[in-house]
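One chain comes next, on its own, written out as structure tokens in the form predicted on its own.
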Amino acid sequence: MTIAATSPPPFKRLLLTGAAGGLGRELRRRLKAYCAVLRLSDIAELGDAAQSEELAPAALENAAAVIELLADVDAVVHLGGVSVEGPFQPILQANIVGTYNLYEAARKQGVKRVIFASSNHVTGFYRQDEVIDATMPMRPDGHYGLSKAFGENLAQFYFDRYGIETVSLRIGSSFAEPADRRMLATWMSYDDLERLVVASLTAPVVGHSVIYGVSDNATTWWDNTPARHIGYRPQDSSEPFRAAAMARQPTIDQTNPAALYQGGGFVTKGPYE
């Protein structure tokens, strides 16, 4: 259910990249309440434009196309890129070169706020018996996590040098419900995803803020206290799904690195050559 927005919409035009992905599809229908025009971009099929939508397909590694993509945009919700662990070259092009192109386009087009979809895999090699916050050193668990660590550093640089504000969202597991025991700690509901993105867009001052994208779960590995200034207050919890998740996964192999580290199965993927 879409959370009620203020009236009139606070933004004239928002850009949503990665709009054809799982979270992109959710935010596509939700963010229209907060802007007069929602510009949608992806390299995958976007379907037909609905009322108040603009379709603008673009490959993130195409610098010229990305500069055009950010024209007349108030803010960017950047979900675009490779969203899973895998070989380095595709991740390099979409997530590293592509994110650089996006920030350069923001600089050239005068866009002053970016909501960057980072990932919990930036810190995937912390253990599941630890509680960490975003001030602690990064420990990426693969090529994907490395690319998101680069994106966070890029966001810090563009704020320090050019004053472009970013909220880097270390998204956990945002699905309709938790699929397994790990997700009891990492799950974020779609409604909390909307709350997080809207808080990130509308907080008056964010600088470069890093916050974990997670609901108010009873089990948690991430302390969001350092980012409470953006106003995100999750309202959902994985607890109603606990019994079903544990029934699907009644035991855990404590010798499996995926059960020991916060990154789960990502810590065991690769090498790819």
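All residue numbers refer to positions in the sequence shown, first residue = 1. None of these values were measured; they are calculated from a predicted model.
FYI, the form predicted together with ligand 15L isn't displayed, but the following is about it.
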| property | result |
| --- | --- |
| Answer range among 78-86, 128-136, 155-163, 98-106 for contact with ligand 15L, defined in the predicted bound form as heavy atoms within 4.5 Å | 78-86 |
| Complete contact of 120, 183 and 266 with ligand 15L in the predicted bound form (any heavy atom, 4.5 Å) | yes |
| Ligand 15L contact at residue 144 in the predicted bound form, heavy atom, 4.5 Å | yes |
| Ligand 15L contact in the predicted bound form: residue 175, any heavy atom under 4.5 Å | yes |
